[in-house]
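First, one chain by itself in structure tokens, the form predicted alone.
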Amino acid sequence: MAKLPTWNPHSWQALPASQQPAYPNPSEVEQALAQLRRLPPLVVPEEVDRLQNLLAEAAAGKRFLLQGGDCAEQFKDCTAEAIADKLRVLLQMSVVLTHSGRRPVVRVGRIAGQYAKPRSSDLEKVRGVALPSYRGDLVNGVAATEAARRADPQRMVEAYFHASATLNHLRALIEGGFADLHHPERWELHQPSTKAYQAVLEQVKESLDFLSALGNLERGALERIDFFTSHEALLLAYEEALTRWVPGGGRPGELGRGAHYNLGAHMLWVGERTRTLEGAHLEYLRGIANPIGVKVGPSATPDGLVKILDLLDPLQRPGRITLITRFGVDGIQEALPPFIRAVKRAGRQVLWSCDPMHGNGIKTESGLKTRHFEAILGELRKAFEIHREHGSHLGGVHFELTGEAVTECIGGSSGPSEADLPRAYESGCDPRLNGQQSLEMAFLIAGMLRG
């Protein structure tokens, strides 16, 4: 591979950058970015490095990655109840995966920063009126008016403070014992838990009581958990403003001499629409020390993916790269094997994860976007089977989900029908699994992990 130009946090600006908003006033943009540069980081490098070590263990088959949260967070949902609900559902899923799947879980939320979304068009029609597309609260508002849809750079500052408040509450909950396995009743969702989940909790409690009686259990280890944040690195000016030089950190190419970290999240990913090899997004991501996710969908090619790995991870650092496949239940059987073979030929050890949400979207006759539970499950089943057939292993899953009782995805043992969707359809972008559907999915994944 040819020697790359020297990287710096703004070297991406020399390359084509897709999915960036058109701000009407450049001076307002610079004012917002200058404020962001002065604000303290949201996470610390030690947490980022800790996550990369855990992802390396997941890539080696010793752990399992559970990544999930909102399609696009909204500022209005930055409430104590909504934040706790998201943590609850991920805790419930992780205890099922750990207990029934016999694999320690790495928990990564799509939270405290997932405020931007790529769009296929700059304009969308709302009730017959063409308006700028809603690109997430980081950029503009969801209300169908010209004023709300205007790109506002001050929203980047608002996003920082909402992310800070969200992360602060998550930390307070975890440090305060919310995640204590001795008190899983605190995790109860608004919907009644299934009998299967209650049975798992009883077995967990019995195991804890037995270990306590033997004196082999440190209570503190069960009162707190590792929980990490992630979001798509989409709005590059925002990401650059949250990038900090850390003396003594490790970076690709110069381990131990210091590194640039994006300290707005522990993990970042690049999406299907921005994964261009010669584009600005990969240029930015190649120089930061954070673990990176790469969405791999129908527009990717095996040779192109290997080139992306060479660019983002020239030193092949364990835990650095998570490949998140998203082909859809009808496309995965043909599409996934060539990528597995190409990565193996290149001698790469990556963490393979499956995003069964984005390839399985449909629209109802009324125009609502939804996803079928069975299609989501079907892609997951095929992903596990294909990896096993090719001497690989699926080490993670990536969901759009919420702990709330929304009606956005169809199906599951007690899920909504198409007619039920309008009852509690709250997502500003894509449909999410609700708490019950997410928990049911966790039991099904646990069975797949057991083989």
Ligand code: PEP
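All residue numbers are counted from 1 along the displayed sequence. Everything numeric in this text was worked out from a predicted model, so none of it was measured.
Although not depicted, the form predicted together with this ligand is the subject of the following passage.
Although the partner is absent from this view, R135 stays clear of this ligand in the model of the complex, with no non-hydrogen atom inside 4.5 angstroms. Taking the partner from the other structure, this ligand in the model of the complex has a heavy atom within 4.5 Å of a heavy atom of E400.
When this ligand is considered in the model of the complex, H372 lies well away from it, no heavy atom lying within 4.5 Å.
Put simply, G258 is far from this ligand in the model of the complex: not one heavy atom of it is within 4.5 Å.
Shown without its partner, this chain lists G361, P338, P118, G331 as candidates; in the model of the complex, only P118 has a non-hydrogen atom within 4.5 angstroms of this ligand. Of the listed positions (Q92, S353, Q114, N290), a single one reaches within 4.5 angstroms of this ligand by any non-hydrogen atom in the model of the complex, namely Q114. Residues with any non-hydrogen atom within 4.5 angstroms of this ligand in the model of the complex fall in just one of 267-275, 146-154, 237-245, 78-86: 267-275. Residues of 364-394 that come within 4.5 Å of this ligand in the model of the complex, judged by any heavy atom, do not exist; none qualify.
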